[in-house]
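Before any questions on binding or motion, here is one chain by itself as structure tokens, the form predicted alone.
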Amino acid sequence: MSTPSTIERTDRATLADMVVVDADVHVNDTPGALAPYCEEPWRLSLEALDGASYPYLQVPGFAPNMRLDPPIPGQHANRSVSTAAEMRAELSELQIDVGILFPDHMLLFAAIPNPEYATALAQAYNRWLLEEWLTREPGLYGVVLACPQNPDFAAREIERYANEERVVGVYLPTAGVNPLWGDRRYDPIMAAAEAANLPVCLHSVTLVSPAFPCQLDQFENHFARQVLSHAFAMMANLTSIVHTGVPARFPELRIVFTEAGIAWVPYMMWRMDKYYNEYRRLVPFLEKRPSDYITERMWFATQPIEEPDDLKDLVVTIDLLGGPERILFASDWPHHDFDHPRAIMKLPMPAAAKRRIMGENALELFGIPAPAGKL
């Protein structure tokens, strides 16, 4: 009786056989948690907000969000993780070796209008993240919050944390950001990230606001707003980044898009290439096609991973946007709609490709050493 070939055995690799890096994990950044790390007088504001019972991601003056839907009994409960020890235990239960930490409430940070307050809040968040999360447990890494309301301050924050071993990227709050991230006013942020060799990571969340994607208020329930908001925000910011020449001005800058899935990417590559060919005189600073910049210097996190009837279609989509090398696994833990690592393992693709998606790409991109015994 013949034995399985090496390739067949390799294709049946399990999560235990590979490094699993989760590129999108969320911490519970409440007003009370950040208050001790915040400068006066804004610390008093956070202390005043502490302890009040606000709905999830609806803290006035902290996580501003106009929710239009009534509460519906029986919906999934919102959940957060409040300590590094709890996070480490839960990720280990999911067979996740390394987690890249993003905020929860600060996902709505770009909608805060007061620049002085936003500056203090960003500084407090970064201090808290390092002290309470990144130095407490193994396998937890983070991205520092870049303050779009104060780009010069944000650049100094990036420089301040650039040599911290557990800081591996720069978080660009995307929900409600105005102008979009390609605007030249953000060049100090991009330059600092490039100089620090830290990728910038866009992350959105559904938000009704006058900034793009605007007019979400016209939809009568959260189903429609959720369908459109994340992907539209990423499409708009990708277009903004390309059409102003960010990849050309910062040739070493690496860019990550999180929590919008991946199926929108090939469409945007084709559409931007089409109009690059037609309107090339309008973007003379672009030395390559938009799709070339995307496949060389941009990465896309899986969550929420698309679920076509035929999973082969998703594998084709991955190939169309540049192959497994462009994809990072993300779960969105601990949110109710998180993607278990098993979701990627079900895809009909070689084990080597799964290894790249599940962890190898992220280790290389973020400069993270592989956990002992894993590689």
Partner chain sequence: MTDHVVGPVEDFPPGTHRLVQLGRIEVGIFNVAGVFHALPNICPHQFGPLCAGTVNGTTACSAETNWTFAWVRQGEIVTCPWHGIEFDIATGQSLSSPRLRVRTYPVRVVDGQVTVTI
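Numbering follows the first chain given and starts at 1. Keep in mind that this is a model prediction, so the values were computed, not measured.
Form predicted in complex with the partner chain: not shown, discussed below.
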Legend entry - Residue stretch of 62-70, 28-36, 320-328, 41-49 approaching the partner chain in the predicted bound form, non-hydrogen atom distance within 4.5 Å: 62-70
Legend entry - Triplet R127, L134 and E137 all within 4.5 Å of the partner chain in the predicted bound form via a heavy atom: no
Legend entry - Interface membership of L347, the partner chain in the predicted bound form, 4.5 Å heavy atom rule: no
Inset, instruction - Please run the contact check for D332 against the partner chain in the predicted bound form: heavy atoms, 4.5 angstroms, yes or no? - result: no
Inset, instruction - Tell me, yes or no, whether R79 is in contact with the partner chain in the predicted bound form, where a contact means a heavy atom of each within 4.5 Å. - result: yes
Legend entry - 4.5 angstroms heavy atom contact with the partner chain in the predicted bound form for K312: no
Inset, instruction - Taking only heavy atoms into account, state which residues of 316-346 are within 4.5 Å of the partner chain in the predicted bound form, ordered by sequence. - result: H336, D337, F338, D339, H340, R342, A343, K346
Inset, instruction - Kindly indicate if, in the predicted bound form, the C-alpha atoms of H76 and W264 are closer or farther apart than in the structure shown, bearing in mind the change is 3 Å or more. - result: farther
Legend entry - Note on D69-T174 C-alpha separation in the predicted bound form, which departs from the shown form by 3 angstroms or more: farther
